[in-house]
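Below you'll find only one chain, the form predicted alone, shown as structure tokens.
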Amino acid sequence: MKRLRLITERLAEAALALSGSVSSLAILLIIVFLFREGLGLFGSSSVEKGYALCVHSSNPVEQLTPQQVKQIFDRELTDWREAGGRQGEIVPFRFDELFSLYSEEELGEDGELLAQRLGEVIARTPDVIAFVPEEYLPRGNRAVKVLPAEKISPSAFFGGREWLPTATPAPQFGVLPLIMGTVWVSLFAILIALPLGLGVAIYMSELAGARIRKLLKPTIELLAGIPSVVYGFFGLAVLAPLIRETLHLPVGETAFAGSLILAIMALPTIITIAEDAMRRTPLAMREASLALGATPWQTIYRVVVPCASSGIMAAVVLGTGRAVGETMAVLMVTGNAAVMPHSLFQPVRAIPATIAAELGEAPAGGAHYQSLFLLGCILFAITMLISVSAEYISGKNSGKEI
């Protein structure tokens, strides 16, 4: 019997060790896959895959940045001197325009004939810049020069201010507006939720009677189980119109609306964990403080709160993680405008909402697809930084004497 129990214990230990190893390996593989897909963006061509930019061979311009290409085809950049060339009006030309210049008989069904006609257009228009498929490039035409496409660089990705991954001919992968939108919404959500959550936790732990505590605690825990999409519907149907009418804004779907919804969603986590941490403060410490002449309020903020600082910090971390990683509610109430935020009362777009909104339409393996995985890497880095900072602060606090 004793031997059977020993074998059972060893098997249980082995099963637990195996489950821990499998879980750790799965997390490691997820991280490796995330970064492998995301980092593949760097080195990709800034021009749409399968296409090229052509100019007249007499044009002195040797290379254009993705921003210049976008401005040219959006007719924001109209003179070659602004792009480093000689004076002359830029003439953007897309491949589809070839079918309006020639008849079907003139173009034929042969790709070589299409390339020949394209070469004719470029040869007789010295100031043209053509965006054409690579298979129809007029390679044997000496009047045509193919511009080398710039590679997407980390500086362009992290420092860019435009997020237009579906723009042609040069998609824009500037992630700065998305990072700023995420930081703005999450930061103000925590600034709202933390004092409220801490106040409610103190009340439930130290001031509320047993009957009120039994009523409040399950109610607050029930709020944590509400799906995020329900919070999003509430924000979209109630909160956003209220903000628009009260503050006289053009739209109510703003960063402020997102911050309020995230604050409401983070409150149950902060309250529950902080209240549990405060209730674990030894009764002897409270009695010693009161015996020394401290008032109940002095006992709370000089004894109970410092003693529960590790638990409170854990509550802040989990609440912040909920705010940073939230998707559906933020997607529904922030307006989804990928622009640099200058005010809480304007639409923004956060990183999780961008991934959720665009991943379904991004071609697998393309630059857009890889950029969304890289956004996931940024989100992972932000949450990791929050966790490490919290552990550091918690470790310092736990080492201090009360």
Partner chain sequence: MTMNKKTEQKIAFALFRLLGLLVAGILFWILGFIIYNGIGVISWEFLTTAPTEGMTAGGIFPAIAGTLCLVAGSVALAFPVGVMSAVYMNEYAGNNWMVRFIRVMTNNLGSIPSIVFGLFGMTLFVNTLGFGDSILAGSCTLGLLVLPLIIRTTEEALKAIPGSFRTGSLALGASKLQTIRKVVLPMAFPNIVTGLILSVGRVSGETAPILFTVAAYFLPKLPDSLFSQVMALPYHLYVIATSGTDIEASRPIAYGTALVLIVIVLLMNLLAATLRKLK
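Nothing here was measured: the structure is a model prediction, and the numbers come from that model. Residue numbers count along the first chain shown, from 1. Think of the rigid core as the biggest set of C-alphas that the two forms share within 1.5 Å after superposition.
The form predicted together with the partner chain is left out here; the points below concern that form.
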- Query: For residue 236, is any heavy atom within 4.5 Å of the partner chain in the predicted complex, or not?
  - Reply: yes
- Message: Can you tell me whether residue 51 touches the partner chain? I mean in the predicted complex, with a 4.5 angstroms heavy atom cut-off.
- Response: no
- Query: Can residue 207 be called a contact residue for the partner chain in the predicted complex at 4.5 Å between heavy atoms?
  - Reply: yes
- Message: Does any part of residue 298 reach within 4.5 Å of the partner chain in the predicted complex? Heavy atoms only, please.
- Response: yes
- Quick one: which of 118-126, 196-204, 137-145, 181-189 gets within 4.5 Å of the partner chain in the predicted complex, going by heavy atoms? 196-204
- Item | Heavy atom within 4.5 Å of the partner chain in the predicted complex - the one residue of 250, 159, 111, 227 that qualifies | 227
- Of the residues 344, 39, 340, 30, which one places a heavy atom within 4.5 Å of the partner chain in the predicted complex? 30
- Query: Thinking of 3, 288 and 303 as the candidate spot, does the partner chain come within 4.5 Å of a heavy atom on all of them in the predicted complex?
  - Reply: no
- May I ask you to list the residues of 10-27 that have any heavy atom within 4.5 angstroms of the partner chain in the predicted complex, in sequence order? 12, 13, 15, 16, 17, 19, 20, 22, 23, 24, 26, 27
- Taking the rigid core as reference, does the Cα of residue 317 move 2 Å or more between this form and the one not shown? yes
- residue 276: CA shift of at least 2 Å between this form and the one not shown after core fit? yes
- Message: At a 2 Å cut-off on C-alpha positions, does residue 226 qualify as shifted between this form and the one not shown after fitting the rigid core?
- Response: no
